[in-house]
Structure formats: C-alpha cells, structure tokens
Ligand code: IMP
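Next up: a single chain in structure tokens, the form predicted alone.
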Amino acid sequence: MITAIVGCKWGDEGKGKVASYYAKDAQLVLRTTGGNNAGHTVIYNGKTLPLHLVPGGITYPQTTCIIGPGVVIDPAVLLDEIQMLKEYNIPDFDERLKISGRAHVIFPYHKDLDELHEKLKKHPVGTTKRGIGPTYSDKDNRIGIRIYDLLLEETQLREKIEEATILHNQNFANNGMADCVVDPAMLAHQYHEYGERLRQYITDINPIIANALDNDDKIVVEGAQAFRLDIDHGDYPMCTSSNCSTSGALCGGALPPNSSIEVIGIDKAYNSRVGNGPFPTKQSGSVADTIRELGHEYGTTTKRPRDCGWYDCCISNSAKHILGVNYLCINHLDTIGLIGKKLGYIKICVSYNYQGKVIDYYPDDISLTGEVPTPIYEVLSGGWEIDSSCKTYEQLPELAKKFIRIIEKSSHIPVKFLGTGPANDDLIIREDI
C-alpha cells in the first residue's frame, strides 16, 4: 500500500506532520520531486530538524529512505543535511539512506542562471534562486548531469560539464555576468569529491522498490510543494518546475501508476503563499498581519514572509479530482481559532464569482480572462482555543467542528486529520472516517 502525502494549495501546509504519522510503521519513505527549494520540519527527541532533501521518515529506525530520480540535488546542501542528521545520532543512517543515481545535480551555474532569468523577466516568478528550474531545464534539454555522473573519472565529468555549459557561458558573458562563466575543471574536481562522499548512498533504487511492492510493504511518499505549484496543473508560469501532483510524485519515485494508493491532501485552516501568482483569498493590512504572526508564516527554506488569506474550499475541490485526494488533513486548527478570537470572525471561501457565474472549483483559464475569482465567504463569529487535553474530534469546541463541517461540505472531501499544535503528536485522527 502506498500513501502519498500531497499539498493542496501552494506548499507550507505542514506535510511533515502527517508524513511522520504514516512513516512510523512504514518500510519505505520516498522524496520524489523538487529540490532544496522545498522544506519541511520534523521533531526528533524533542529537537526540530529542518530538512530539505532527506525524507523525514529517516527518524524511524525501520525505514529505508529514498531520494528518487525526480528530485534535483544540490550535493553541498545534501551533505550538510546528512552531517546534521548524523550529529543527532539517527540510528543506522548510512544503511538506510538511498539516493537514486538518476537524480539530477544542481551546480552553481544553475543558481546563477536562476538569478539571470528572474532579472530578465518582465514578470518574475519569485523563485528561491536555488537553481531548481534551470536544472530541470537542462534535464529536459538532455544536457543535465546526474548523480551517477559524479562517480565518473574526473576527466569524464569535466567533459560533461563543458558540453552542458557552452550556451550558459555565452548567456553569462552577454548579460554582464562574466564572473559567472563556468570553469569546468574546477567544478569537475569539486563535484567529483562530492560524489565520492555520497558514493555509499548512491544506488539503483528500482530493485528496492520492486522488492517492497512484491512484499506489499508500506510505502510513504512525502510530497514536496503542492497542487497550485505543479508545472502542468498549477498557476503557470508562477509555479515550480516539477510535477508535484500525485501522479508526478509517483513517477518521480519510480512507482507504478497502477499502485494501490491512498492520497492524503494536506492543508491549513487558513492559506498562505510564497512567490508571485494569483491568490483569491489573499488578505492585506491587519488581517494578513494577524494570520502571519499567529501562524508564524515565514518560509522554512527562504525565511520570506508569506502572503496570507482565508481558507479556500474551491481549490481543495479541484485538488480532490486532479490529485485524487481521499482525505484531508487540516493543520493549524488551533491557530485559526486564535485568529478568530483576535479578529472577532473567521472567513471560509465556499465558492467564487467568476465570469458572471457562481462556481465551486478553481478555473484554469485565469491567464486568458485576466480575472482572479472573487471569493464568496461563509463567516463564523468569534474563535476558539484548543486545550492540550483535547485528543478527539468530539472534544473540540463546537465552533471548530462547525468550521470543519463547512470545509467538508464545500470541498467534498472528508477531513480525517486535524493538526492542533506544532508537534508531530498534536494530531487528532478521526478513526470513524
């Protein structure tokens, strides 16, 4: 059985909490898309570990954790993350981390290209400038360099870098970035060394996946980013460069499309976004400030303040079909209660006014019409506090349960998980669903 943990909006929904819950008794945990532009946190022995590439399931001693071929990897970042995890004495770490040799490598010139592309665009995407998009571009242009290539002889790696950077160097030279022109010999030496340091983890993951599927092992896919950031189904071009939908996550982890799969859609009781692009329920002024401060809405990776707004059921409804969501997890249920207490109300977007019609889904022709849907809100008066002793849905404040019922009715997805605090165990599970 495969459980895929996917984000329903623009990322930062708290996927790590539910991924950790499912990984407790899993045999395989995979990260399958994106790069270190994504980030999630896990709690281990009371310590908060910020992770960007290694699956959070690594904290459980029975798991084998795989970084799949759909991921793009900055070796320096990965090695720092490995060192941090080893310092926390994660058991049997070296035996349990596996890196697909088919994953692609992020080089410094990819970060320089990221900056150049953003500078030249009339409407910048607002990328993290970590080189993710240019690395995927090289991959699609078939000049990418894979993790396997870092294990070649240094002269062979240099030749690959030379071929990959011919046009990149011309771009740098022609746009006032001569200091970014690549020295293939220097890079080959440095990244060959990275390859040697990572050698023990690099492998063909296909036999591992096949064995787990044959044995009907429990497999968890830790999704990165989210629905509205998917390159095909998101807010193009204000999106990421990989397929972070459920189908993309399966492909990026070498998992078959006919798998027996359960999809858990992760969301927050309010919504947030980093980067540019449409955000129908986005708020400003004191409302946005209240949500941001009470929700600590600053990027795990970038530390940038996130745009904040009310919960949007229409996007969740669209995510249900495109992502195949079986159940929702609503995190920050405690936070939205405090927001409501401070503001005196809570809003939930239950439908849109769009092109003269009332609709309950997220339209995909916004770039054509030039119209961002206008939210139609249901409003709850006041807010709530959730006591630490609250462990079941029945124990929640009545107003909190009404909030959940509105989401279920408007999104057409049952809410099975409720995040009530920052710790992994601050999770109410509705076993009757």
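Residue numbers here begin at 1 and follow the sequence given. Because the structure is a prediction, the values reported are computed rather than measured.
In what follows, reference is made to the form predicted together with the ligand, a form of this protein that is not presented.
S.K.: Picking from 78-86, 175-183, 138-146, 272-280, which part of the chain touches the ligand in the model of the complex when contact means heavy atoms within 4.5 Å?
M.R.: That would be 272-280.
S.K.: Give a yes or no on whether each residue among D12, V125 and T128 has a heavy atom within 4.5 Å of the ligand in the model of the complex.
M.R.: Yes, the whole candidate spot contacts the ligand.
S.K.: Of A103, C313, I132, I346, which one comes within 4.5 Å of the ligand in the model of the complex, counting heavy atoms only?
M.R.: Of the listed residues, the single hit is I132.
S.K.: Between A38, A400, V29, V54, only one gets a heavy atom within 4.5 angstroms of the ligand in the model of the complex; which residue is that?
M.R.: That would be A38.
S.K.: Heavy atoms within 4.5 Å of the ligand in the model of the complex: does N331 have any?
M.R.: No, no contact at 4.5 Å.
S.K.: Is there a non-hydrogen atom of T240 within 4.5 angstroms of a non-hydrogen atom of the ligand in the model of the complex?
M.R.: Heavy-atom contact with the ligand at 4.5 Å: present for T240.
S.K.: Taking heavy atoms and a 4.5 Å cut-off, does Q225 contact the ligand in the model of the complex?
M.R.: Although the ligand is absent here, Q225 would touch it in the model of the complex, with heavy atoms inside 4.5 Å.
S.K.: Given that the ligand is not shown alongside this chain, does V221 nevertheless sit within 4.5 Å of it in the model of the complex, heavy atom to heavy atom?
M.R.: Result no; V221 lies far from the ligand in the model of the complex.
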